[in-house]
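As structure tokens, one chain now follows by itself in the form predicted on its own.
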Amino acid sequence: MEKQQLSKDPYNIVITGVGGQGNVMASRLLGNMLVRKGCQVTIGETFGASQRGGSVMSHLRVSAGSVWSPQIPKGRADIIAALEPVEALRVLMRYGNPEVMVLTNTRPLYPVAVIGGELDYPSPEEIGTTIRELSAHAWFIAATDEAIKLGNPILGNIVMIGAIAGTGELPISREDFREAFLNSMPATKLDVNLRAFDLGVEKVKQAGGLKPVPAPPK
């Protein structure tokens, strides 16, 4: 299998969200896609009170040939993909740097303390301004809203995988997603997940992706 070229080695990806959003599934699907392209992928996962909507974070360290420790060093993320807006801020503060790219789902999930009036949740404008100031490129994607239109809000995680692919930063395509999905999920769910993936790609392309998305092999 031909080794893929990466703009950095290792290439560091953080996927973050809260419990119940499918964060772990998204990270493992993306990792599977990259392994199929000949990359070495190390995944590290951290969980808060995930059953109660706590923070969930996956680190993916991608290399053309080396195996790296599962923990991304502070300030060394290359892409942050967030399924929840405040989680994007939380991760960006620790793992961001001036060159980081951030993809953020725009639909908030309010913690119990916010619902109960004990804490304030930042406005969309505050979140957007901070993310733009602290990143080189930022995309804001209504992933959950699009997933609801497809019939299941959990598909927001697949929309976000498509968005990552849409940046063109990684050597992954629609066909890679299809193969990785069929390796671990029922074929009966493939069509709707492909639609979610395509929506994510399209949302980033509409906003101006960085590079062309690799075409699937003929």
Partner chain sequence: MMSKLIAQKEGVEYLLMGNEAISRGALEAGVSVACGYPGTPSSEIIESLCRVAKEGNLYVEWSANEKVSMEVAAAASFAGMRSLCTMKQNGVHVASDFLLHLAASGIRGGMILVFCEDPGALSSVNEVESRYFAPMIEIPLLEPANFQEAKDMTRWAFELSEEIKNIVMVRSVTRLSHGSGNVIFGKLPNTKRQAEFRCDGPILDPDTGLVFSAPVVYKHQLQQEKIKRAEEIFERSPFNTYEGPEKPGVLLITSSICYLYCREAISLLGVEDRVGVLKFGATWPLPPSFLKRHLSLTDKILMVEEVRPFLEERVKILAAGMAPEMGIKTFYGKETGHFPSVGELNPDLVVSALGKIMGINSYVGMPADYEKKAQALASTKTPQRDLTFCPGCPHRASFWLIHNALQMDGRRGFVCGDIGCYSMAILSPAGGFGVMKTLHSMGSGTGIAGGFGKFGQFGMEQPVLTVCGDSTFYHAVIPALINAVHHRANMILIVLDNGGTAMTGFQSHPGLTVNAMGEEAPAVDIARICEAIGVKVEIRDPFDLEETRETINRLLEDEEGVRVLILRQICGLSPEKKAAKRYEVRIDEALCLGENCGCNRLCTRIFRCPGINWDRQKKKARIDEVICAGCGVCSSICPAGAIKREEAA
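Numbering follows the first chain given and starts at 1. Remember, it's a predicted structure, so these values are computed and weren't measured experimentally.
Missing here is the form predicted in complex with its partner chain; even so, the following discussion is about that form.
- Residue contact with its partner chain in the predicted bound form: residue 70 places a heavy atom within 4.5 Å of it.
- In the predicted bound form, its partner chain lies farther than 4.5 Å from every heavy atom of residue 79.
- Taking the partner from elsewhere, residue 31 is found to have a heavy atom lying within 4.5 Å of its partner chain in the predicted bound form.
- Remark: residue 122 counts among the residues lining its partner chain in the predicted bound form, judged by a heavy atom distance of 4.5 Å or less.
- Looking at 122 to 160, the residues that come within 4.5 Å of its partner chain in the predicted bound form, counting any heavy atom, are 122, 126, 130, 133, 134, 144, 148, 153.
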